[in-house]
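What follows is one chain in structure tokens, specifically the form predicted alone.
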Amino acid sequence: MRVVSGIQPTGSLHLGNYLGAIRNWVRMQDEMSSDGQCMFFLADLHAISMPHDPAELRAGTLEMVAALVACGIDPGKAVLFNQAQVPAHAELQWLLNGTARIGWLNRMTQFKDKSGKNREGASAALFTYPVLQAADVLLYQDTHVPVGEDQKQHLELARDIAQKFNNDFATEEEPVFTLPDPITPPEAARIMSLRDGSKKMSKSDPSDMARINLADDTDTMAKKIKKAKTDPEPLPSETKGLEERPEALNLVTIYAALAGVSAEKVLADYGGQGFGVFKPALAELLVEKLGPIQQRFVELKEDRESLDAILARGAAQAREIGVPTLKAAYDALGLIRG
């Protein structure tokens, strides 16, 4: 069993990233260390599909490595690397562009969302990056890909490309590509903005007070919780009482996710009490859980030599794993390589 997943190295990791995805990566890594393999990559090639600052991308890639390791990703158990050091990703994308169909790409909803009204002004990379995503997973013959609702369409495209390539250029007995199956991670906490409970916590939010960054020191974390938007009512004793209270629901959700308990248990303990009591308790729990991660992150991000070494080692492993697949794809297409 092999699992592959990636994250773009743009902006700082925040509480929503940690509780929604990274914590599950750590669990998968630990569960599969004896009978499978996890590969996690920084999607720096994907990042250039949108306008970007080269210096920020380079710094963001190194910071993301530091953040992932601080959160518990172990380069000794999982393969951790960045795309740009594994040219086979871009090579395989080009080979797969001959199989992918424009009609398939036209149906990708994320292109429509990201390009907005100026579709003609969007980069070709933004239009074709689902093919790069297909290459990301097909290169390593991975069996499973963790997907949320927003990525299911892209995994279906990867499977369609793999199936058509196998049908056109390979045999049923010796297919070139494995068709990966989706893994639905354990239900992840949906963490919302601390300023607007109707919007997801986001690194692109213009207000830094809307999110808890993993780089925030413990005093800043506590301050942001204290200033988080709430309403004047005390917490209810049942979750039904949170239905029309998005900010209250968000803080209860954060507490439950950090404590590893249900929202019902949180309300059993704090129902009837106001935010003057609940917010300090939440801030204390947040500092307890994220404080060690933040401290480790600060130490790691200053150690450029160690970060470079982690990426170099992971890229070497990834290149070795991907060689047979890339060779098989070239051979199947009738391309002569030295």
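Keep in mind that what you see is a predicted model, and the values were worked out from it rather than measured. One rule holds for the numbers: they count along the sequence shown, beginning at 1.
This next part talks about the form predicted in complex with tryptophanyl-5'AMP (TYM), which is not shown.
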note = Testing 241 to 249, 97 to 105, 260 to 268, 198 to 206 against tryptophanyl-5'AMP (TYM) in the model of the complex with a 4.5 Å heavy atom criterion leaves exactly one stretch, namely 198 to 206
query = Looking at the partner-bound form in the model of the complex, is residue 41 within 4.5 Å of tryptophanyl-5'AMP (TYM) by any heavy atom?
reply = yes
message = Given that tryptophanyl-5'AMP (TYM) is not shown alongside this chain, does residue 191 nevertheless sit within 4.5 Å of it in the model of the complex, heavy atom to heavy atom?
response = yes
task = Report whether the minimum heavy atom distance between residue 87 and tryptophanyl-5'AMP (TYM) in the model of the complex is within 4.5 Å.
result = no
inquiry  = Is residue 7 near tryptophanyl-5'AMP (TYM)? Define near as a heavy atom within 4.5 Å, in the model of the complex.
reply    = yes
note = From 289, 46, 279, 296: within 4.5 Å of tryptophanyl-5'AMP (TYM) in the model of the complex by heavy atoms is 46
remark   = Picking from 215, 210, 73, 147, the single residue whose non-hydrogen atoms come within 4.5 angstroms of tryptophanyl-5'AMP (TYM) in the model of the complex is 147
query = Relative to tryptophanyl-5'AMP (TYM) in the model of the complex, which residues of 16 to 40 have a heavy atom no more than 4.5 Å away?
reply = 16, 17, 20, 21
